[in-house]
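One chain comes next, on its own, written as C-alpha cells: the form predicted on its own.
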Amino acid sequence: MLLYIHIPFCDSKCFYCSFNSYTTLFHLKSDYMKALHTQLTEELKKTKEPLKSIFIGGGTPSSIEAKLYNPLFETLQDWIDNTTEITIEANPNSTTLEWLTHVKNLGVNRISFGVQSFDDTKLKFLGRNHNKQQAIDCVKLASNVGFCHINIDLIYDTAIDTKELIDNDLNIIKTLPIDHISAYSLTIEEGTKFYNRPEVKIEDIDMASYIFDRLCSFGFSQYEISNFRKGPDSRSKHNFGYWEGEDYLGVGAGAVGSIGNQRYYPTKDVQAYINDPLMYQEIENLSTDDKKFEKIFLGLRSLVGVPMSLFNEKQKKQIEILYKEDKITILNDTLFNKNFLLSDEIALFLE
C-alpha cells in the first residue's frame, strides 16, 4: 500500500501548473493540517501492513512550517518501518536548513525539488519564483543535511529551449549530488496561464532523445518515460508502485486514492475539505477494461512492461508487427517497450 498526502498551498502559481494549489489560502494552513490528520487516521484503517511508500506532494509542502507535520508522523509511526520510502516535495525559494533538518528528523528520507531549470530566463518564462543559485543551493543544502536520495524536476520542450540552454542545465546537474531526475515535456492544460498559448511549447523528439542520452552518459538510467535513477537504490518506490498498479491511499484536498476497482476523490475545495475531511467528492468504479487499459498504458511507459496475458488475439497480431519493426521486446511472457518516447503511439496502435 502507498500513501499520497496533498498540500494545496503555493507561494505563486506557475504558468503551466494545473495541480490543485492556491496562493491566497495560507490563513487556512493550520486548520488544513488538522483536517489532514483526521482523514489520515481514518484512511490508515484500510491497511494493516507497513506502508511501502509515502509521498507528500502539492502544491508546495515546503511552504508549510515543518512542525505542523509532527502530528501526521506521530500517527504514521505504526505504519512505517525501515524499508518505507518517505518523499517530500520542496521548492528552492522556501527551503531552509531548519525545515530540511526538521523533516529529516521526522523520518523523511527522500526529497524532490521543483527546479525545472537552472536558467534564470527560462525560470521567469515558466513563472517560477526562484533563481538558478537558489536551485543549486537547495540541492547542496539537502545533501549537507544528510539526504542521500535527492530528485529534481526538469521541464523541456519550451519555446525558448536551445541546445546551449539544455546543455548548461545538464552540465550543472552533473556537478550536483542528485540521484534521481524527473524530466517532463511541457504540457499545456486548461485552467493554466499557458492555456490558449500554444506558441510557448514545441515538440522536439530529437531534443528529448538528446536529453535522455546525456543523462544516461552521466550514469542515470531511464526506467520510465520521464524518470531516471542513478544507482540501484534510487528508483522511486512510490512512482513505480503506481505503474505496477498497487493500491494507494489519497489524503488531502484534491488527492486521489485507489483500492481494488474503486478510485475515490476528496473535494478539491480547501475550506470544504476542512469542514469535512471524510467526505468524498466522487467515488469511481473501474471496469475490468479500465484496469486493463491502465496496465497496458503504464506498462508501455516504464520498465514494468505488460503481461502478454492481457492482450487478445487481434492485439497479439499487432504485437508481431511491432516485434518485426524492433519496437518491442518480449521476455518472460512480458512485453517491454524499447523506446518510451513512442509509448503513446504504441498504446494507440494496440488499442
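Residue numbers here begin at 1 and follow the sequence given. Please read these numbers as outputs of a predicted model, since none were measured by experiment.
What comes next is about the form predicted together with a small molecule, which is not displayed.
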Let me test this: is every residue among Gly59, Arg128 and Ile155 within 4.5 Å of the small molecule in the model of the complex, going by heavy atom positions? yes
Residue within 4.5 Å of the small molecule in the model of the complex by heavy atom, from Thr95, Gln222, Thr267, Ser185, is Ser185
Heavy atom of Leu342 within 4.5 Å of the small molecule in the model of the complex: no
Heavy atoms within 4.5 Å of the small molecule in the model of the complex: does Gly252 have any? no
Using the partner position in the model of the complex, report whether Glu89 sits within 4.5 Å of the small molecule, counting heavy atoms only. yes
Glu189 near the small molecule in the model of the complex, any heavy atom under 4.5 Å? yes
Heavy atoms within 4.5 Å of the small molecule in the model of the complex: which of the stretches 267 to 275, 204 to 212, 147 to 155, 161 to 169 has them? 147 to 155
